[in-house]
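Single chain ahead, written as structure tokens, the form predicted on its own.
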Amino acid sequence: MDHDPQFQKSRRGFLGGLGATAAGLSLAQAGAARAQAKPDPAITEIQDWNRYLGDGVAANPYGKPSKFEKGVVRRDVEWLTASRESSVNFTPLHALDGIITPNGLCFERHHGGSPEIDPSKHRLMINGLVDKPLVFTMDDLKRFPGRVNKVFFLECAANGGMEWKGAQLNGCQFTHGMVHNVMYTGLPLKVLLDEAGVKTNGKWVMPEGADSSAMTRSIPIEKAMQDCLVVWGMNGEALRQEQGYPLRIVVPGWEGNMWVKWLRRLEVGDQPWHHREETSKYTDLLADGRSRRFTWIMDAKSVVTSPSPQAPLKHKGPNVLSGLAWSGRGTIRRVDVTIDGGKNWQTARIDGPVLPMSLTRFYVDFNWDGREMLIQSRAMDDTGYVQPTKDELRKVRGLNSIYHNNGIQTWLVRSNGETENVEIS
């Protein structure tokens, strides 16, 4: 597609509109631009941290970020829900880089609060249409053959849900922050189901959580056997309490509500259970009043994390545009970026691991001359799916939806660098 004449024409327009991008901005030029600033003598001299010993290794038995990063935290929006026990907070996407989300910044979504579970007393039961009902301790699971480590994104189906009727929340932490990406450690669900022996009429699996909401969802047996995991670790350590400690299920590429936390039971059945979270909730209400159900897959999506409302541009000259893309259908193959509201597009540079059903990081190096910009990103995955505009989604779904909003996001960067959440036709 890069060789398409129309694309090349658009790309030239993009480059001309910026004045200079990575294609025409050498490292020497960038360095020269930085060297023009006169340094403040007060901050080039030896500082106190050069003169005195710092903290010893025993001062922080569990490491914490620097106090200068105290603003990089999960945040909630109090008016979104009736109580904190059934609520959500948001990952600070604007302040992160790379593709792995630190454990302490992974967004939370609870339906009955976060239970404190003693792992020595926790059990996982497999029952229903199986040859051999089983009960596992945590020690049993950790001794079981077949352990794997896999990186996947987890996204709440309601991520971006407030934006269906127009621009609402001013920050990508709030518009897109119900997503995170970690390495999980555990067992393929197939290994445990094979041990129990699924009967021929076993077509669905229902995971159940040990929290007060007793969260349940119906998962087709094909998905369960394909790539679902039962995990106890994330990013090399135990699951955090708010992420399901000591055990949760991972359903790669599918909506986060199905990733049942505090997993205590797996029941095999011959049909879906039609419980609350797949009937009155987590269905897509259409304009004509009908509801689409079992819309599990999180389609290709992207967002520019910087510049964005919480990460405005502070300097003219050399800058780096950065963002994230992901797809529940497979692997991100390309991300295009525009700074003029879609008139011209440029292919961004993808860097870091590019994995299926994982966050993917993209960049555009550019030189900003102070002009206003309308910034968007558009993701494409290896199935050929192209991220739609919000208007394209609304033509199909109307304005009644909450879930599965993967429309293209627009940020308006003003001449002073301040950035706003806007929509354009």
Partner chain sequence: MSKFRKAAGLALFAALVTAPALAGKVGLGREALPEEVAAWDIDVRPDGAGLPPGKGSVGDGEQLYLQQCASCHGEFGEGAGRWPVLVGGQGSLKSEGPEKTIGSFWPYASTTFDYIKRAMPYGNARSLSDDDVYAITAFLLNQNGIVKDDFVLSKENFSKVKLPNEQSFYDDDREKAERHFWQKDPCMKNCKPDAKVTGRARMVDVTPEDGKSIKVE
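Numbering follows the first chain given and starts at 1. Because the structure is predicted, anything quoted here is derived from the model rather than measured.
Heads up, the form predicted in complex with its partner chain isn't pictured, but that's what we're talking about next.
Using a 4.5 Å heavy atom cutoff, Arg75, Asp140 and Glu423 all lie near its partner chain in the predicted bound form.
Stretch 187-195 is the contacting one of 220-228, 150-158, 187-195, 233-241, since its residues have non-hydrogen atoms within 4.5 Å of its partner chain in the predicted bound form.
Proximity to its partner chain in the predicted bound form, taken as a non-hydrogen atom within 4.5 angstroms, holds for one residue of Gln346, Asn181, Ser306, Thr91, which is Gln346. For the options Cys106, Ile100, Leu355, Ala214, the residue carrying a heavy atom within 4.5 angstroms of its partner chain in the predicted bound form is Ala214.
Though the partner is left out of this view, Tyr245 does not reach within 4.5 Å of its partner chain in the predicted bound form, counting heavy atoms only.
A residue is said to contact a partner when one of its heavy atoms sits within 4.5 Å of a partner heavy atom; Arg378 meets this definition for its partner chain in the predicted bound form. Taking the partner from elsewhere, Trp368 is found to have a heavy atom lying within 4.5 Å of its partner chain in the predicted bound form. By the criterion of a heavy atom within 4.5 Å, Glu392 is counted among the residues contacting its partner chain in the predicted bound form.
Interface residues of 259-288, taken as those with a heavy atom within 4.5 Å of its partner chain in the predicted bound form (partner not displayed): Arg264, Arg265, Glu267, Asp270, Gln271, Pro272, Trp273, His274, His275, Arg276, Glu277, Thr279, Ser280, Thr283, Leu285, Leu286, Ala287, Asp288, in sequence order.
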